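In structure tokens, one chain follows: the form predicted alone.
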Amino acid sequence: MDLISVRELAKKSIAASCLYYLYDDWRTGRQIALGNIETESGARHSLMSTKDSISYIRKVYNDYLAYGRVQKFQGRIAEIGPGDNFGVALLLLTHGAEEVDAIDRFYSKRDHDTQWKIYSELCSEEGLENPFLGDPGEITLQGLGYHPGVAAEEFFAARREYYDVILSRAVLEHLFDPIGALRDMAKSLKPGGILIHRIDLRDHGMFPNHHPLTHLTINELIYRRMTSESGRPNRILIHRYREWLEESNLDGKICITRLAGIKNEFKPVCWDDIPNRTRNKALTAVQQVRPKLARNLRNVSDEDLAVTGIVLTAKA
């Protein structure tokens, strides 16, 4: 029986899933120790048409502009977790950035012919003659510094580079120490620099066909051993980000984009601006799982447990 079949069988049982993730996390740690950082995670564009890829890239870029409430980004930028494509970095460099550092703990598998088509079409749409020093790719894009195999926690702690913007999309939930990383990011901001992080607090498909907050019921020690090497969700919830923001001395805010038990994402809003019916449905989902919560999460409020997606912005 191959690994994929074992994984599919494990999904039918929470206990079996946990055993699979314990094994898979150990296996991933062994691979990393041997220098293998290649992963299927983040390989979004290999499954998309060129048109859909470009549409997605523009959405991500425009979301960053909206979250930061700016018309364009300038200066030096750090993008955490670009995955298998650097179209966002290309747009950043095209519209005002001097240079972009792309940081990624893993190397997402990619098809270079697919990437070439995306970059070529994007350059055509932007009226760019040739921003690459050679064939289009992450190595040849002028102004891009690519840092695969370096976790964000390590990158910002070890380097004293200073940035005008540090941004990420669905990445902080995969870090083993996102709060420590945020502290170092804050130290790496230039005066007036901004942080923009969209954070997905869901289980990322760890326990399909079970309660959406099932991952919050697993013992803390066991959960860490299931996730620390593989980058699965770290269970740092909204209250921890709020506490960091309050102690950071940065001017910032946290808005909500997802709630437990609610299928669709919504535009970033405050808790009080979410319709009562939607909030109540999410709170009911929390109450269903509360008796089973892991010990370290039992004191978290129902409102905070109900939040499964946020956008954090902060300015130095």
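Fair warning: this is a prediction, and the values are worked out from it, not measured in the lab. One rule holds for the numbers: they count along the sequence shown, beginning at 1.
Not pictured, yet referred to below: the form predicted together with a small molecule.
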Q) Within 4.5 Å of the small molecule in the model of the complex, heavy atoms considered, which of W26, Y56, F266, W271? A) Y56
Q: Would you mind picking the one in G193, P136, G83, P233 that has a heavy atom within 4.5 Å of the small molecule in the model of the complex?
A: G83
Q. Thinking of A97, Y162 and L189 as one candidate spot, does the small molecule come within 4.5 Å of a heavy atom in every one of them in the model of the complex?
A. no
Q) So which of 127-135, 97-105, 114-122, 212-220 is the stretch with heavy atoms within 4.5 Å of the small molecule in the model of the complex? A) 97-105
Q.
Can you tell me if L175 lies within 4.5 angstroms of the small molecule in the model of the complex, counting non-hydrogen atoms only?
A. yes
Q.
With a cut-off of 4.5 Å between heavy atoms, is A157 one of the residues that contacts the small molecule in the model of the complex?
A. no
Q | R44: touches the small molecule in the model of the complex, heavy atom cutoff 4.5 angstroms | A | yes
Q: Answer with yes or no whether E153 is in contact with the small molecule in the model of the complex, where contact means some heavy atom within 4.5 Å.
A: yes
